[in-house]
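In the block that follows, a single chain appears as structure tokens, in the form predicted on its own.
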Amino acid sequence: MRALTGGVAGGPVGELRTLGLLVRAGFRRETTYTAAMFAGLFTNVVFGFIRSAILLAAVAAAGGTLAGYDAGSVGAYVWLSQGLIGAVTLTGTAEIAERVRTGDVAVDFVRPVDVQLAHLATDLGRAAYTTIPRGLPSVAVGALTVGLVMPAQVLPYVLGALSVVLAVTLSFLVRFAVNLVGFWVVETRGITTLFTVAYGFLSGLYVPVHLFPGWLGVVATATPFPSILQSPIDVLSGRVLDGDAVRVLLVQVGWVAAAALLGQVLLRAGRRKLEVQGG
């Protein structure tokens, strides 16, 4: 992801320092939305109880196990997903969409930091803060009320933390790419709404991807969406372990690379369009 401009003074070290400051800025900006965070936590908990009731009933109706899930593991799936949903922000609108619409993105192109990297750094800061007042308390509520079956070893949590970082990164990159469609389409709300619906369903937010019928599971795994939500849940909950967990992370890395490349291609094409039009 090479910068489109001449780069930051100080070379790679200076660029890393700048990106670190952008991560910090994204974190600090989220701290101003305290009421929104508590509203998000309340919503997470309410929908967590609803989803728990439905899926626990399904597991009970299936005789105690369903596609490898029992009462404890399906509880872990529900509440880990409720904890992650703020960080991977299925419905959030990327700031880049508004900057493309207003033409302010032209200013971004002459800045010394790559546009995609700059927005990614800010989003990582946002996700880090969201995890504290909204994500972790959601999981705690699930653990205290429903009970979660979680691994007893340390390794799943280490790999799970890496998987969450990759998931947040991938979530941003795919939203970023979709919002760049605004370079060529005046009204993008229909596209983003369709994207959000597909994103939520195929990522395993409503039901685990493992419960999908065979053909739909194949469709889902052909997209990056399971790597955003289902994969980190599988690693954190211990559904996949050791070598299988590493393979899940490698798939996530592959999707991150592909989404980053797509964003760079779209950025360059969008910049050429702006220059042709005198932007």
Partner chain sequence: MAEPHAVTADPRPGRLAPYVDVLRSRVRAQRSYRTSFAFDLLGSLLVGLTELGEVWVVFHNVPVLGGLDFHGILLVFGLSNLAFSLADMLFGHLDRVPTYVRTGTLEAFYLRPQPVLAQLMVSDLQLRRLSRAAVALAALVAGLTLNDIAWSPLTALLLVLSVLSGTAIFGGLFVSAGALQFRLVNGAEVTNSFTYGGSYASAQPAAIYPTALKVTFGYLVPVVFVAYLPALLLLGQPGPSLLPAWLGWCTPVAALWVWGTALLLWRDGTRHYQSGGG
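Numbering follows the first chain given and starts at 1. What you are looking at is a predicted structure, and each value in this text was computed from that prediction instead of being measured.
The protein also exists as the form predicted together with its partner chain; that form is not presented, and the subsequent description refers to it.
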property: Interface stretch in the predicted complex with its partner chain - options 123 to 131, 151 to 159, 203 to 211, 176 to 184, non-hydrogen atom within 4.5 Å; result: 203 to 211
property: Gly103, heavy atom within 4.5 angstroms of its partner chain in the predicted complex; result: no
property: Leu241: touches its partner chain in the predicted complex, heavy atom cutoff 4.5 angstroms; result: no
property: Distance check, Leu136 to its partner chain in the predicted complex, heavy atom within 4.5 Å; result: no
property: Its partner chain contact in the predicted complex: Val165, any heavy atom under 4.5 Å; result: no
property: Contact residue in the predicted complex, from Val246, Ala58, Val219, Val253 (heavy atom within 4.5 Å of its partner chain); result: Ala58
property: Contacts with its partner chain in the predicted complex, stretch 188 to 210 (heavy atom within 4.5 Å); result: Arg189, Gly190, Thr193, Leu194, Val197, Phe201, Tyr206, Val207
